[in-house]
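In C-alpha cells, the next block holds one chain alone, the form predicted on its own.
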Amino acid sequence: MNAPTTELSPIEDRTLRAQVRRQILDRVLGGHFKPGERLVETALSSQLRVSRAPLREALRELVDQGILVSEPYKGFRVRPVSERDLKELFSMRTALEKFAFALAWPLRTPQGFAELDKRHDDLMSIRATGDQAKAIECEIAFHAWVYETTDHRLLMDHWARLSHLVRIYMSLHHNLHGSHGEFGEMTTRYRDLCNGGSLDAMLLHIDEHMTQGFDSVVKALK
C-alpha cells in the first residue's frame, strides 16, 4: 500500500486572476472595449503589470462566461453582437423573467420588498456617479431579485448564465443612450409594479420594457 504523499500543492493566485478579470470586464461594460474588438495580450500584460499566466486564466474565464470569444491563432476578442444574438437574448430573457414573476408573486414578503428597495436605491446612487460598469452590476442585482425570490435553483442557474450576455446588452444600451432620466423612471416603475398587487400589470410591463430596449439597440446597430 502506497504511503500518502506529504508534498504540498502549488498555491494559485486566485485573487490576482480575479482582479485582472474584474478590470477587463469593467472595460467591456464601460464601452472601452467594443464588441468584436481584439484584445492584445502583450499590451494587457504590460498595462496591468501581470504575467501572461493570470491574464490568460482571467481571459479564459471571461470566455466561459460569454463575455469574450477565443479564436485559434487570433487570440481573444470581445464577443461580437448580431441582430440574431439580440433577438435570442430578448426572447429568452423575457420568457425567463415572466416565468420568474409568476413563481415569485405569492412568495413576496415585507423583507423581500425592503431588499428590492435597497437594490433600487443602490442602482440610482451608482448611476448618478457615472460609473457605468458598477451601474450595470447593480442593475443585474436589481433584476436578480425576482429569481432569488422564487428559490427555484434551476431557474436561478439559467439566469446566472444568461446574465453575462445581459451585461453586454446593457453596456450597448448605456453607450447608445447614456444614463438619462428615462432609465430612472423605468427602473422605479419596475420596482413599484414588483411591490404592487397586479401580476398582469407586471408581466405587461416586462413585455413593453423588453420590446422598447430591443428596438432601440437593433436600430442603432443597423
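By rigid core we mean the largest C-alpha set that fits within 1.5 Å across both forms. Residue numbers run from 1 along the displayed sequence. What you see is a predicted model; the values in this text were computed from it and never measured.
What follows is about the form predicted together with a further copy of the same chain, which we do not show.
- Contact annotation: residue 56 falls within 4.5 Å of a further copy of the same chain in the predicted bound form, judged by heavy atom distances.
- Looking at residue 101, you'd find every heavy atom of it more than 4.5 angstroms from a further copy of the same chain in the predicted bound form.
- Taking the partner from the other structure, a further copy of the same chain in the predicted bound form has no heavy atom within 4.5 Å of any heavy atom of residue 68.
- Under a 4.5 angstroms non-hydrogen atom cutoff, a further copy of the same chain in the predicted bound form has residue 17 among its neighbouring residues.
- Of the candidate stretches 133-141, 76-84, 104-112, 118-126, only 76-84 has residues with heavy atoms within 4.5 Å of a further copy of the same chain in the predicted bound form.
- Contact with a further copy of the same chain in the predicted bound form holds for none of 164, 186 and 215, as no heavy atom of theirs lies within 4.5 Å.
- Along 143-171, a non-hydrogen atom within 4.5 Å of a further copy of the same chain in the predicted bound form is carried by 151, 152, 153, 154, 155, 158, 161, 162, 165, in order along the sequence.
- Core-superposed comparison between this form and the one not shown: the CA of residue 130 stays below a 2 Å shift.
- Once the rigid core is used as the reference frame, the Cα position of residue 72 differs between this form and the one not shown by 2 Å or more.
- Superposed on the core, the two forms differ at residue 21: its CA moves 2 Å or more between this form and the one not shown.
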